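We begin with a single chain expressed as structure tokens, specifically the form predicted on its own.
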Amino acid sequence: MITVKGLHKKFKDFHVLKGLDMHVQKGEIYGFIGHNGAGKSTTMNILVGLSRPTRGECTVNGTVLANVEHPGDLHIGYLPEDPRFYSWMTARETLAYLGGDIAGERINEMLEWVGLTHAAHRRVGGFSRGMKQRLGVGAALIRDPALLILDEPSSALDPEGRSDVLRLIAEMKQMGKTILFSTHILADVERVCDRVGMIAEGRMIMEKPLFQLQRDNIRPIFEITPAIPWEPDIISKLSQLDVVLEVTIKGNSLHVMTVDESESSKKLLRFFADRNTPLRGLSLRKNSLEELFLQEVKPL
């Protein structure tokens, strides 16, 4: 549905995108992640036809962007980061206006789907941020596009609002839609995405199916708290174990990333037993997508 090759974008002397590649496949939810300022919104503005690249190739929904004269020719649904509506219009009037002649009975369907039936005749100017976001999702879908591009759809929402938006995104996939959404809330990606693209400083640094990313990169981390002070060279000694990938100290606890759970736990316990080091606590968790992202962007 989306293919991007060697995408560059400059604003005078500021080089935002530096050869970005991206591939979004039909029927998937693709999470586009990165820090604020990494180039996510610039990329999405180009993909929806609101901005022209300095150079590079983009195909969206089967259409080469270089051949597009008007954004509407792409036949996609788009939700900007901060959707704006005419404040004097009601939710029903907004969908009718944006849907045009083809909206018809879909207006009632969309209002019910996004949970705004009760507010159908209220002016949008009095809506909360979460209600406007849900109305924006309905507006993006009112013309029944096959591809939806959502820019930070859950940003600035409370936990309930975020959960509502993520539920709608998951349901759109069940409708057979392809969804690209950008976010800096990495927990949202872990909840709903099929594939992930990580951008840093205008470049794609990782693009993988979520399950593959988790299989290849998500590792056990043992959090170990001693009953006595650590030996001065504890990190270097632990790092010599063949099961240990990384050791850090946070407060009074060691955080030890290992290659597996079972064998590593045995070797760690044996390590401390051999040194007569009593432990106050030992717990196990997995590194998060956020920790992985920070690890990947650190060298840039």
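Only a predicted model underlies this, so the values are computations on that prediction, with no experimental measurement involved. Numbers for residues come from their place in the sequence shown, where the first is 1.
Heads up, the form predicted together with a small molecule isn't pictured, but that's what we're talking about next.
- Per the 4.5 Å heavy atom criterion, the small molecule in the predicted bound form is contacted by stretch 36-44, the sole one of 60-68, 231-239, 256-264, 36-44.
- Heavy atoms of M22 never reach within 4.5 Å of the small molecule in the predicted bound form, leaving it off the interface.
- Using a 4.5 angstroms threshold between heavy atoms, V16 counts as touching the small molecule in the predicted bound form.
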